[in-house]
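Just the one chain here, laid out as structure tokens, in the form predicted on its own.
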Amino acid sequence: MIPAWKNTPSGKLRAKGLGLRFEGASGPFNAITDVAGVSVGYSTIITGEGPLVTGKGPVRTGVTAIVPRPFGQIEQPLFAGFFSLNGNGELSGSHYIEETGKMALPVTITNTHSCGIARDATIRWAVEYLAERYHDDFALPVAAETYDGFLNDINGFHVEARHVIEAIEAARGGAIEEGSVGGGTGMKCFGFKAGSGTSSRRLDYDGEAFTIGVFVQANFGTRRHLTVLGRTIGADPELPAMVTKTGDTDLSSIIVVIATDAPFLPHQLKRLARRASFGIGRTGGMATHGSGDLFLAFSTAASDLGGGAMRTVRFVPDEDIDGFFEAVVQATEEAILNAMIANEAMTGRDGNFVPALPHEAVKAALGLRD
């Protein structure tokens, strides 16, 4: 069996498998799915080659679904928090989260021009799957996006409701794939191929073990700023000799989804979401003007947040939250690098090419040995 910390289920090398050593202790899958009850599913759409013909392709896109509770409990609200580091992007449901501190239903991530259908198809799925619950009620699910138009026929609207539902129904726990899958299919980071990435951290508090899990759809950054384990290697002479330069660095974004089983209140989850900024900064991200850097955090700890009676919840005191902040920063940094390292070069519309991050050059730049 391939160790989950080292390789993805398909055998792609992850950051730790390449020899990178990060701070903190990961969960068994080093993924957002280390948080019990959380699952991830993908629908990946890759068709066609050559010149762009709008509506026909080439297509390099997809949908990611993060399901925060087991399907039998999916309608139960969770405490949640939202933070926008730079708002040139979309994350539906954020106003409701800001108002009530709660969310429910699967979270979907796709390309910029398919965010609406991801939201609407999630509601359709909920109405059909939970017919009694939503017979006479509203749903405001989270759907988020990043731009994949450099590689994808983004104005062809190839993501359909069936792809969204496929991603939701494909959601599973355990080890998950990374790289050019799901909503991350057509994405890039620092001029290299990127997309979907994940990581986790485990920590103890007050005699209990808790998990922070992070999932990113990474699509940001300028080549010269790429930083790995504290060293800025984007301009390192080992890298330019091995890759082809790509354009389109201005339209960049990152979606970060943070899950935890630790008991937190909504304002604390907003604080956790805000700390993803530092994990992005560790890799060289700067939240440029054209970037949509939108972060969501939720806790699975509370299970009865509906009306009708007085509720009692427990929570980690704000004074003791620093260890969880650090876990978010660590896992966000590693998830971004996993999205790049567990990846391959891709050619898309009009022959636009994004190279893979060269593993051996990264190791050489960091002084790593086999």
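Counting begins at 1, following the sequence as shown. Please read these numbers as outputs of a predicted model, since none were measured by experiment.
This next part talks about the form predicted together with another copy of the chain, which is not shown.
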Even though another copy of the chain is not shown here, does it sit in the predicted complex so that 282, 287 and 314 each have a heavy atom within 4.5 Å? yes
Interface residue in the predicted complex among 294, 168, 226, 259, criterion: non-hydrogen atom within 4.5 angstroms of another copy of the chain: 294
Taking another copy of the chain as it sits in the predicted complex, is residue 119 in contact with it (heavy atom to heavy atom, 4.5 Å or less)? yes
Is residue 320 near another copy of the chain? Define near as a heavy atom within 4.5 Å, in the predicted complex. yes
4.5 angstroms heavy atom contact with another copy of the chain in the predicted complex for residue 88: yes
Using a 4.5 Å heavy atom cut-off, state whether residue 140 contacts another copy of the chain in the predicted complex. yes
From the candidate stretches 270-278, 68-76, 182-190, 195-203, select the single one in contact with another copy of the chain in the predicted complex, where contact means a heavy atom within 4.5 Å. 270-278
Residues in 87-103 that come within 4.5 Å of another copy of the chain in the predicted complex by at least one heavy atom, in order, are 87, 88, 89, 90, 91, 92, 93, 94, 95, 96, 98, 99, 100, 101, 102
